[in-house]
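Take a look at this single chain in structure tokens; it is the form predicted on its own.
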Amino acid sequence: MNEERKKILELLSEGKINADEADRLISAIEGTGSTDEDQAKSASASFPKYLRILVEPGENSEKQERVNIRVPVKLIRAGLKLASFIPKDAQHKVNEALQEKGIVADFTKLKPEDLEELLQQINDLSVNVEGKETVKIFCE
């Protein structure tokens, strides 16, 4: 083991650098450092491509039907962009109709950045519905 690598591992064990920093330093001394393009590709590869909704029947459920919905995240983003073309009067009517159904939300205030943050936060959300079915919402 060469001295540079040993020094990097010592810094890591002392907690002066984290594992990612150690990896980058070792890659740099080996001459296999990743480029910005490689880092961008790995970041986009780790971002979810689908929003998944699964409904599993409970053990005592009379119906044994399962629901499995897979929505492309690109479709959600496109819908959000298209929503900006809806006239203000129509947006107001949609919000009123949702409120009549008990859904208090103003989708006119939802921005693309908000969607990205929401998708990052939905890792594995499970909800029990009336104790019979399990609903799971997650990104993949």
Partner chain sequence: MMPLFLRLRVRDKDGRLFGLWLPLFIIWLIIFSLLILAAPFVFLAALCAWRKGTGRIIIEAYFAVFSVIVNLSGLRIEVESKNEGVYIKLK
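Residue numbers count along the first chain shown, from 1. Owing to the predicted nature of the structure, the values given are computational and were not obtained by experimental measurement.
One more form of this protein should be noted, the form predicted in complex with the partner chain, which is absent from this view; the next part is about it.
Hey, in the predicted complex, is H92 touching the partner chain, heavy atoms inside 4.5 Å? H92: no contact with the partner chain in the predicted complex.
Test of understanding: in the predicted complex, would E59 fall inside 4.5 Å of the partner chain by heavy atoms? Residue-level check for E59: no, no contact with the partner chain.
Does any heavy atom of P72 come within 4.5 Å of a heavy atom of the partner chain in the predicted complex? Heavy-atom contact with the partner chain at 4.5 Å: present for P72.
Using the partner position in the predicted complex, report whether S27 sits within 4.5 Å of the partner chain, counting heavy atoms only. Residue-level check for S27: no, no contact with the partner chain.
Are there residues in 79-105 with a heavy atom within 4.5 Å of the partner chain in the predicted complex, and which are they, in order? Result: G79, L82, F85.
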